[in-house]
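Here's a solo chain for you in structure tokens, the form predicted alone.
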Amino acid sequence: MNNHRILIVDDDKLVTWSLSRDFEREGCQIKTVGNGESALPALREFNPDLILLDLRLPGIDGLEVLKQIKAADSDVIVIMMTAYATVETAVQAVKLGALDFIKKPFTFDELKIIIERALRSRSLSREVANLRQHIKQKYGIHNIIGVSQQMQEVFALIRKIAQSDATTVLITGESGTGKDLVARAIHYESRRAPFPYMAINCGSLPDTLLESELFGHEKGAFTDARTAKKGLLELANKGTVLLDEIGDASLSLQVKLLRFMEEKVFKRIGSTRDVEVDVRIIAATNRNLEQLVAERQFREDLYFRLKVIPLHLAPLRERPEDIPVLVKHFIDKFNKEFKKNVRQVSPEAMKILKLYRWPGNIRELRNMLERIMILENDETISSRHLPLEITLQAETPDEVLPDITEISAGTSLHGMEKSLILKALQSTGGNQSRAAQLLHISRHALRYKMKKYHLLE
């Protein structure tokens, strides 16, 4: 209890003197007042960590003082003291915000145990609140980067979904577009944020294990079920469950998911008892569910049940205006993480990044920048730092291939091939590896043809 500030509100001078002496021996700072009217001014001036409040006071009684204290500072710990304790008054005090209740006469050791427990409880509550705030800052909507019109529409939809009571959302988009970030943002921007966020990949586990992870099982339900286990749906009650890669779920699991989403109840494996929960289901996939429905690999009724609120994330190649802000975001992040001092990306390099198709989307961009900043020490990222496949795609093969309208009568195939090789070499400044990639042949094959046309010195 060392260094804690304790306010004692009691009209019994012997009690306040005795408690003050004992607490000061423990290293606490103490202030005492003898009536309820003095409690609020003392609260404001002394700013205590904990208040010991007598139930029976001259003038305003302890319960009324408790109401005023909690209205002024809901975070302060209040422990009630009384020689006239009843179950009713104890219950009423707890409802009004008292953390505990102790009956007079008591020993200091008894009170000390209650206070230490109360202080630990408050410390834990603050840690949980700080952790929730940290997680919200980490996964909130402001962590999704984008200035394009597509992303502005996504942000608006996230906010609408988060503030609604919608329990089913379907997020579609290519791999690496940030579906998990969007799912987390929906959760942490919503009223469900204080409750669990759970995610599971429907394509990463065998059917039986996936079903057990989602719905749980009873002891003895199968060979390895030595104890009963709650599933993610049960653990995430009042929160959110992300069903990632829902397009990979088996047809048998799809049936069970549909029943749960329709009725909000399920049975653990090996149980006959229904479990009712309130969770928001967010499904995500990079596959075309409509095509899977047409191919009878995905249930049509489940597809329509999931698609209550659809949200599509456009690939990075369709919103190149987001690339500069994403690059800046990742550079700032990795500068802090790796203690680097990268200031900018050169105009030439940025042009190349905008021309690249980004098949891996934002994840690929992030990984590329992380690799560059780990390996390089320059303050400017230039085109020479970029991976070969990125710079090559920026110099598209269309720039190398001759226009067929320019081919004159009598031009031989060999002549065309030689001309194409020369243009590829010219386009890449004589770099044989890059020229070979532009022509979609191996470097060995390129050197063979160069030798054939006497292009090797």
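Note that the structure is predicted; figures quoted are calculated from it, not measured. Just count from 1 along the sequence shown to find any residue number.
There is also a form predicted in complex with a small molecule; it is not shown, and the following applies to it.
Contact with the small molecule in the predicted complex, defined as a heavy atom within 4.5 Å, holds for exactly one of T82, T177, S190, T240, namely T177. Residue N286 is the only one of T167, S250, N286, Q344 with a heavy atom lying within 4.5 Å of the small molecule in the predicted complex.
At a distance of at most 4.5 angstroms from the small molecule in the predicted complex, all three residues H329, I362 and R366 contribute at least one non-hydrogen atom. The stretch in contact with the small molecule in the predicted complex, judged by heavy atoms within 4.5 Å, is 167 to 175, chosen from 269 to 277, 167 to 175, 292 to 300, 124 to 132. The shortest heavy atom separation between I372 and the small molecule in the predicted complex exceeds 4.5 Å. When the small molecule is considered in the predicted complex, T89 lies well away from it, no heavy atom lying within 4.5 Å. At least one heavy atom of M151 is located within 4.5 Å of the small molecule in the predicted complex. Using a 4.5 Å cutoff between non-hydrogen atoms, N143 counts as a contact of the small molecule in the predicted complex.
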